[in-house]
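Consider the single chain below, provided in structure tokens and representing the form predicted alone.
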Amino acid sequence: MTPAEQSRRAAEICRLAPVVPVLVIDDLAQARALATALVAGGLPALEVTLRTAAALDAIRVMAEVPGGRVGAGTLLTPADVKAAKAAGATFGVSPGATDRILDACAEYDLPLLPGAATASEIMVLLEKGYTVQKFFPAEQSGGAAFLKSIGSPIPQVSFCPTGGISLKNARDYLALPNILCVGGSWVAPKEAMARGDWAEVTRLAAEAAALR
């Protein structure tokens, strides 16, 4: 899969909703109910970060939920890409971008949101053909003000910013023409997940889905 095709398919996923939930799943038993609650609230694109032992199995379970599009986040190695694809991930997200990660996603036909945080990193990815990128860590790297500024000299690139984004500042990002969606974890609070309050997760998802 070429970088241009990866970006085209990543853009389709980003446009499904204004917010992509960024999920850290420790308890596999929560996976199906969590995905069902988020999709019911209007957030079909789900990023499961590969930060826990349960992550790959969670992707397998969540991929079976009707209406959902499950991706793997925190891709760091080609092995991560291979495992994510085998588990049923339909897209990938990486905090940064290396040639090995880019090559692996091309090899395994996994649409990638490669991470960038500086003008040079954005330009390098653009040279390779990636017109849809993750901006991370968003708040710590200049936030919406940076993305507004970078949109003038590099209008070809659209972003999904992630990192430090909440309901309070999401609209600042979504108001910009070069933002397709934002990534955030606030729609799946650990407290609600721990007590199995899936109605609360659906409520938060619906609130996020209405941001745009």
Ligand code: 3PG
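From a predicted model like this one, the values you see are computed outputs, not experimental measurements. Don't overthink the numbering: it's just position in the shown sequence, from 1.
This next part talks about the form predicted together with the ligand, which is not shown.
Partner proximity in the predicted bound form: V65 to the ligand, non-hydrogen atom cutoff 4.5 Å: Heavy-atom contact with the ligand at 4.5 Å: absent for V65.
4.5 Å heavy atom contact, M193 to the ligand in the predicted bound form: It does not: once the ligand is placed as it appears in the predicted bound form, M193 has no heavy atom within 4.5 Å of it.
F91 within 4.5 Å of the ligand in the predicted bound form, heavy atoms: Heavy-atom contact with the ligand at 4.5 Å: absent for F91.
Close approach of R51 to the ligand in the predicted bound form, 4.5 Å, heavy atom: Yes, R51 lies within 4.5 Å of the ligand in the predicted bound form.
Segment assignment from 52 to 60, 169 to 177, 26 to 34, 182 to 190: heavy atom within 4.5 Å of the ligand in the predicted bound form: Only one stretch qualifies here: 182 to 190.
The ligand: the contacting residue among V39, V157, A144, I165 in the predicted bound form [heavy atom, 4.5 Å]: Looking at V39, V157, A144, I165 one by one, just I165 meets the 4.5 Å heavy-atom criterion.
Contacts with the ligand in the predicted bound form, stretch 90 to 116 (heavy atom within 4.5 Å): Residues within 4.5 Å: none in this stretch.
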